[in-house]
Structure formats: structure tokens, C-alpha cells
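Just the one chain here, laid out as C-alpha cells, in the form predicted alone.
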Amino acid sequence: MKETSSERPNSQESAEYFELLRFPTVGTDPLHLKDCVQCAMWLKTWLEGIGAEARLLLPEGGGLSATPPVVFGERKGDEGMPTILFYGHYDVQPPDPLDEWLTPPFEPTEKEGRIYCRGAQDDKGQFFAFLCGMRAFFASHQGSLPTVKFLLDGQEESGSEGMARIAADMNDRLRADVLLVCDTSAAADLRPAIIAGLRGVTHFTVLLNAAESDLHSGRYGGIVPNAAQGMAELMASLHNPDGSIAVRGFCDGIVPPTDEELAAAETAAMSDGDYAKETGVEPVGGEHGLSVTMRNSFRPTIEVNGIHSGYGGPGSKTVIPCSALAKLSMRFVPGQNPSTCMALVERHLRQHTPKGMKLRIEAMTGEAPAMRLPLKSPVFRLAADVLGEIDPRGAVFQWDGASIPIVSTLARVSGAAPLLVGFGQGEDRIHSPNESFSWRQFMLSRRWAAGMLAALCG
């Protein structure tokens, strides 16, 4: 849908948004560490511009030469008013594969009311729109104001390890009444959604080695083990023919949803046809016999994110690959312990390593547990009222299949009630080439921020 002028931010906000997007803040890539630091300094200045005291934080033992900083800010409010902790992240996914982008990945490009750029939605677009809504509220509100604390993460896409260490050391400095996060999705057609649960996550790399170098497939074919074939067999061993996880003990102790939770989740669910239209493929992955909602919201996964081995250039090269690499991620649900699950997966992989090959597991990050919140949370009722004013259809509840690893830690350390509301959609293509965010979504995030602050001020 082409956006109208009334659904656009003002010129200052759009210019700032574009400036923020131009920082190539790939937090997992050391080559982009300088870009992350520059972006963090830009955000620090922006927060100071709305009256917050702000500074860059690094975990003990870290430095600007090693770790993207956390931006922490605090805007003091009036006595007796609530304290809000706001979390967002400025790091983004790598733009690869570059040849699939239709526009430069770090040059925001507007087309029919949508902005195309890496980070346009996840999470620069969402958190910055929220910040713009806060700024507008501070400027126009006539009564008492809340205290707002800001945490802007530079490593969310890789597990928020630095943020977790910083949060553990800050304790009372993060105390708050409500934890607000704008990094999730709305329901279909942008109907507002309150997130009542997130899956946990761990990422890791599997390396498989056979011969000392790639070998001629004619001279050595049928004699030496093939690392590419071995990796394919190893990855296939993780699942049973019915799509269920084959790792023994991995699904033990899972806490299923209540009837109320499942009914609420199914109310907001997309149809199989909608998923097919959105992705271009039928939603037939995962465990057979379970609904899409159950598979995505309440069951764990082990996903192969990428496999690399041998030759992939033009023409042919008749070699037997000596090594193979696979990137994997796991999503957890309540009742699962990430460390225990990782140990079970490692045992499974070692038991199924093909003969003649050596296995190594490295680059493990995340280890974040799942989070499920009570539907009767008072802050949910307040949010539902605000969202009902924004959209007469009212809000629905969703249990997001994605993960924001640091949220459960921040909720525990701050003592705040978590409230996750975002306005993402499948067409935004986050984590993929040609990521985008519409002005309509930007303005909904902005309105949500101003409305929720007004409600919290009573």
C-alpha cells in the first residue's frame, strides 16, 4: 500500500532515521567495530538532545577495540512517577548475500512508502520510531513525567553477551517498573500484538575435517572420506523422518502451553495459505501433525543456518572436500535448559561423526532461555487499552518464535514487568536481502510510544 503524507514522520525524524541506517553496524564482524562505535556515539548525542544523561558502557575486560559498546542513558522524571526501562539494539545482521540486494544495503532507499536498508526494521526502525514518539511526548506533555532509562545494545544479533555482563554489574541502577521493548511483530495486516512469550536461542559452528587438503576426485574418489557428504549426513541426523528432533533428551521436560494460551495464540495465527504467500513455500517444515502455531510458538527447533564446503564457483572442480563448516541455531521453549540442550546436541554430533573425520564445535553464543509471561499481567491490560485506541480491532496475544536473548535477564535484574510490542511484518524481510520498513509501521511505533507513556503517567 502506498503511504499518504499523513503517515510519514516529520523531516527531522526521517533525516535522523536515514542517518542512523547508514552506519553499517554488523556487530558480529570485527571489521565493523569502528562503525558500531561511531553509531553508539551518535545515539549518545541523540539521547542527550532529549535531556538524558548518556554514556557508552563496556563489560569489564572489554574495550572499544574488542566489543561494540552499550549506550546507556537516563532521563530523570518527577518524584512519584513510574520508572521505565527501554531496550533496543543498533547492531544488524550481515547484509550477505550482497548480489540479491536491489538497492545498496546501507544506503536507505524509499520506494512507495517503504524504506529499504539493512536495519530498516530490525531494530533501528522500530526502536528509533519509539524514541521519536518518546521525544514528542516529552515535548508536549503538560503534567509530571516518568523517569526513562535507555539501553541500546550493540550485540543483540549475536547473543548480547556484553550487555548481560553489564546488566549483572548495574543492579539497582536498572531498577524500573516496566521494561519496554519494540523489536517484535504485529499480527496480520498490522493488527497490534502483545508478545506473551519468546523462545530462547543458542548459535554455534560445527567444523568437520577429513584429509589434509582437497583431493582429486578421480584419483581418490571411493577411497578417502568426503567432508561435504559427511556434513550432510551429520546435519540430517539431527531430525527424524517426521521432522521431530532426533537428539535424545533434547525435548525432555518441555512445558506445554495452557489451553488458554493455545487458544489465544491460534486466534492471531496466520493461515497456511498466508504463510505460503509470504514465503513462497508451503509451511511444511518442523514436526508433522502439529499446527503452524504450535510449531512456531511452543516447540523447539534445531536449524541449519548455512553449510559451506568444497567448490562453489563457476563451472566444475572435481575435488573431494577436506573440510566442511555448518552454522546452526537452536530455539528453546519453557522447560528446556540451554546448556543442557547444547551438551546433548554435542554428544549426538560426536556419536554420529562419520568415520575418518574429526569434529570441532566452536563460536557458541547465546545460551538464552525461553520466556513466557502470564496473560493476566496488569501491564498487559494497560497496553491493550492503549493499542485499542490506536487500532479499533484491538490487540491480540502472540508467542513469538523468535528470541531477544537479553530480555529475561533485564527483567530479572531490573525487577520490571516486560512489555514487548512491535510492528514488524513478514514482508519486511528481516535477516534477508532487501529488508524494509514502511512509514505506516514507523508511525504506528511512534504512536504506541507516546500512548504508552501517557498511560503510564496516569
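All figures in this text were calculated on a predicted structure; none of them were measured in a lab. The first residue of the sequence shown is number 1, and the count goes up from there.
Quick note: we don't show the form predicted together with a further copy of the same chain, though the next part is all about it.
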Problem - in the predicted bound form, segment of 214 to 222, 105 to 113, 373 to 381, 129 to 137 with a heavy atom within 4.5 Å of a further copy of the same chain - result: 214 to 222
Handout entry: Heavy atom of each of D96, V284 and I302 within 4.5 Å of a further copy of the same chain in the predicted bound form
Key = yes
Fill in the blank from the handout: In this chain shown alone, the residue from G415, G426, G51, G394 with a heavy atom within 4.5 Å of a further copy of the same chain in the predicted bound form is G426
Practice task
Answer with one of L262, M270, M342, A168: the residue that has a non-hydrogen atom within 4.5 Å of a further copy of the same chain in the predicted bound form.
Solution key: M270
Problem - Any non-hydrogen atom of E157 within 4.5 angstroms of a further copy of the same chain in the predicted bound form - result: yes
Exercise for the section: Give a yes/no on whether V292 approaches a further copy of the same chain to within 4.5 Å in the predicted bound form, heavy atoms considered. Expected result: yes
Problem - Proximity of D385 to a further copy of the same chain in the predicted bound form, heavy atoms at 4.5 Å - result: no
Practice task
Look up in the predicted bound form whether I430 has a non-hydrogen atom within 4.5 angstroms of a further copy of the same chain, and give yes or no.
Solution key: yes
Problem - Residues of stretch 321 to 352 in contact with a further copy of the same chain in the predicted bound form (4.5 Å, non-hydrogen atom) - result: P321, L325, K327, S329, R331
